[in-house]
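Just one chain follows, in the form predicted alone, and it is written as structure tokens.
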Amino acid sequence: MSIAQAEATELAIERPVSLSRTALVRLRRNPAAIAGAVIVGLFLLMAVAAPLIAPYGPNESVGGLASTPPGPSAQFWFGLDEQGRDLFSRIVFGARLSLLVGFVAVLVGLSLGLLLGALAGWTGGRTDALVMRSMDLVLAIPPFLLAVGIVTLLGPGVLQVMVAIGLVTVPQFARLLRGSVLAQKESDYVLAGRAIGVPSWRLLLSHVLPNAIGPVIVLATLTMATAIIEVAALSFIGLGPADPSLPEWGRMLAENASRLQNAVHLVLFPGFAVVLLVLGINLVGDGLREALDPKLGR
């Protein structure tokens, strides 16, 4: 055995652990992140297995019309609405729409934001100035008002809401990724890659983006929670999905806002569903932020 092998054996030199594996270990040790993952997982289960979980259809009338809808009971856990529909079933099916709209909206914003942020940070110069000034112009408008304007222009509907919320989130992703790309751009591995003739596009796609995208993933998680709130808010003011029969939580709140005195369950349970889902997503996002931040490794 050589001297080098003996020293390696004595010091028990270990292979470097990847960032993803280290982040996963930190997530497992974070009780808040685990709690958030459990909450989000339950809502995902509700969305996927809604026909199996819900005892009735979302638009099935099981109690008849009633001026004062009955509250929770052993048969109807969350009570009935004014049309005799089971509120628990509608909330379970509503998880599908809320998660779908939130996911697609973040996907739209993330895709455009990654493209613009990578282009601005890597290219620099006039391209960087043009892209960033455009993003500053969009950020000058309050996000919710901008979403209202886009939905008003496109018309109410599920697809329009997804596009509107997605476009509103583009500047956040673009600015964050641009900053991360600029931080990685002058790293030693980038300079070494350029010195040996690695194409610029390959450096960006294969090396810079994987190292710069960590904060963007965290932002995407937190933005999904904001998107779900904005979907509910748009539905509350009448700019949500055009089909009134869709079991959307924000529409439930809007339709029953005047029934707080005699049927508070019609507002309480949909509002609680929104709060609980957003809380779970925020806990997961905070856990990801701590797991992916090397400064918080301890």
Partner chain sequence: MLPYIARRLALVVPVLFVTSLVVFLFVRALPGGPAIALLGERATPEAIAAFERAQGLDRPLYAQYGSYLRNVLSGDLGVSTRSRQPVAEELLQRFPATVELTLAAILIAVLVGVPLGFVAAKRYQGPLDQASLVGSLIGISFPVFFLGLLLKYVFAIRLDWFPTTGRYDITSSLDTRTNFLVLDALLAGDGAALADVLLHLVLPAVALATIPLAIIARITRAATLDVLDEDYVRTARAKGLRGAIVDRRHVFANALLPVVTVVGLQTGLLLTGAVLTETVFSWNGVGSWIVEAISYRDYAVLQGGILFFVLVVVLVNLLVDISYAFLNPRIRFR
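Numbering follows the first chain given and starts at 1. These figures come from a predicted structure and were not determined experimentally.
Here the subject shifts to the form predicted in complex with the partner chain, a form of this protein not shown in this document.
**Student:** Every residue in Ala50, Ala54 and Phe88 with a non-hydrogen atom within 4.5 Å of the partner chain in the model of the complex?
**Tutor:** Not a single listed residue reaches the partner chain in the model of the complex, so no.
**Student:** Looking at Val62, Leu45, Ala257, Val38 here, can you tell me which has any non-hydrogen atom within 4.5 angstroms of the partner chain in the model of the complex?
**Tutor:** Looking at Val62, Leu45, Ala257, Val38 one by one, just Ala257 meets the 4.5 Å heavy-atom criterion.
**Student:** By the heavy atom within 4.5 Å rule, which residue out of Ile213, Val148, Leu203, Leu182 makes contact with the partner chain in the model of the complex?
**Tutor:** Spelling it out, the residue with a heavy atom inside the cut-off is Val148.
**Student:** Is there a non-hydrogen atom of Ile229 within 4.5 angstroms of a non-hydrogen atom of the partner chain in the model of the complex?
**Tutor:** Yes, Ile229 sits close enough to the partner chain in the model of the complex that at least one of its heavy atoms falls within 4.5 Å.
**Student:** Does any part of Leu153 reach within 4.5 Å of the partner chain in the model of the complex? Heavy atoms only, please.
**Tutor:** Contact with the partner chain, yes.
**Student:** Under a 4.5 Å heavy atom criterion, is Pro142 part of the interface with the partner chain in the model of the complex?
**Tutor:** Looking in the model of the complex, residue contacts with the partner chain include Pro142, since a heavy atom lies within 4.5 Å.
**Student:** According to a 4.5 angstroms non-hydrogen atom cut-off, is Leu283 in contact with the partner chain in the model of the complex?
**Tutor:** Yes, Leu283 sits close enough to the partner chain in the model of the complex that at least one of its heavy atoms falls within 4.5 Å.
**Student:** Using a 4.5 Å heavy atom cutoff, which residues in 269-288 contact the partner chain in the model of the complex? It's fine if the answer is none.
**Tutor:** The stretch 269-288, when checked against the partner chain in the model of the complex, contributes Gly271, Phe272, Val274, Val275, Val278, Leu279, Asn282, Leu283, Asp286 at the 4.5 Å heavy-atom cut-off.
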